[in-house]
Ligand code: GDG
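Encoded as structure tokens, the following chain is the form predicted on its own, with no partner shown.
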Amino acid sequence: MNFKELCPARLVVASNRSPYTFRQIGRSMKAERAIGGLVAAVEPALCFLGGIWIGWSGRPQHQPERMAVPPDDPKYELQFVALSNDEINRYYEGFANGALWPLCHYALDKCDFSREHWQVYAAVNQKFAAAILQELRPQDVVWIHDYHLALVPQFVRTGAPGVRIAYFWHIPFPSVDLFRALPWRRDVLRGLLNSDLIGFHTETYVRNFLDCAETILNVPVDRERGLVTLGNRAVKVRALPLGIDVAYCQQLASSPEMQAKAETIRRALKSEIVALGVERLDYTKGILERMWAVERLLEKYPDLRHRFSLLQIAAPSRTKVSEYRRLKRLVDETIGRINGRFAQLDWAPITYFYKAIPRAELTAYYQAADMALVIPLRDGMNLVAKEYVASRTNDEGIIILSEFAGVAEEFEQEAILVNPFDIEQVAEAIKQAIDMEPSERRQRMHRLREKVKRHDLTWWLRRILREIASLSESRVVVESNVMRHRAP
């Protein structure tokens, strides 16, 4: 893939976390590539185009020196932004994950709108912007990622008015009625609108953002062309749904090692029918709702006892936050209660792993499961659904999918869509999947596999790099006969 033909510019990428994590081994630190969709999506472009990735190392205060990566074959550089414990607590845990995260996932009751947290969030965003400005060269493109850095475009624009800035928002963007609850809603919108391009996963999030810009900032919005006019600039707003590396998934799924491990998993579960749930332990992921649906299924259909099992994998997440510790207690208690009700000597309805499983190893679990239960209460995209599909090389399997996951806009015809808040409906969807004719399941999965292959990671990178390359052509000076609006 020759990305230079699409976008000859050097990239300056910024995200909260660095794409590499660091482990202390003796007196030295070992760099390890981070696991996650952001790294998998963005690093290939940097490896081809060159540039620098600016982020926090994941360690308070001390961080490694600037370094070239990947360590065994350097293609680009890392520059680290140092954050104190107080900044981590207030910017990251406090405002980003205590205010923006729950707000964007429609969990208004969990929002903590602390002014102190907001002030530290703004200060850290200025720190990231300063690091970007220090690295900028002529013709560079700045590519900023996610809700942690919403103010960075404006700070960078102030220091370098002519720079091209692309921004990708990886989580849901809420409706205008919900976004109004944020006390600093105008600041966040202005921060984002100092980009030249803003990308979201779905058309729904694009519409929500355009509604917010028009209603809250009172600026002109061209919905047909996906443009927001701010001052003398037009900002492109696009739906660019993230894909996955399908070839990598298929390669793993075809390996005898993964196939043998999948068989071992099935034998250990001692169930005819296996459902799978994979996510971080987060209140947005619908983990408790999934457990309640399994309980309802076994209450309503006793013949499925000893025939059906849920394999739940939940990676630890934000363990210092009280809301997440409380969720873990509830999940542990709920699984214990349900297994206590229904388990038999050689069978349990729920098998639970509270740990992060490496991406390659997850393929065996994808292949072991007859169905994937992907029922987040709200999700930006959900790449697990796409990875499950890509791993089903025999066209077997089916997905039960929340209508509130971003991927539902792509999978709505082939997945069984559910409202995750309707426990009865989810239980009935599991029964529907179990009773479905094998030929229909294969047809649905085949169509899903074609979609995932067509809109894979390469497709996403090509689309977004074309948009980035066109930024210099898309700058618009608003003509004198267009009404100028000034943000209040």
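Predicted, not measured: the structure shown is a model, and the values here were computed from it. Start at 1 and count along the sequence shown; that's the residue number.
If you look for the form predicted in complex with the named molecule, you will not find it shown, but the lines that follow are about it.
Residues of just one listed stretch (300-308, 267-275, 377-385, 111-119) have heavy atoms within 4.5 Å of the named molecule in the predicted complex: 377-385. The shortest heavy atom separation between E279 and the named molecule in the predicted complex is within 4.5 Å.
Shown alone here, A315 lies within 4.5 Å of the named molecule in the predicted complex, counting heavy atoms only.
Taking the partner from elsewhere, R180 is found to have every heavy atom lying beyond 4.5 Å of the named molecule in the predicted complex.
Shown alone here, L242 lies within 4.5 Å of the named molecule in the predicted complex, counting heavy atoms only. Relative to the named molecule in the predicted complex, residues K285, I357 and Y366 are all within 4.5 Å by at least one heavy atom. Proximity to the named molecule in the predicted complex, defined as a heavy atom within 4.5 Å, singles out one entry of R290, H148, R392, H201, which is H201.
W101 is the sole member of W101, F128, Y352, F173 with a non-hydrogen atom lying within 4.5 angstroms of the named molecule in the predicted complex.
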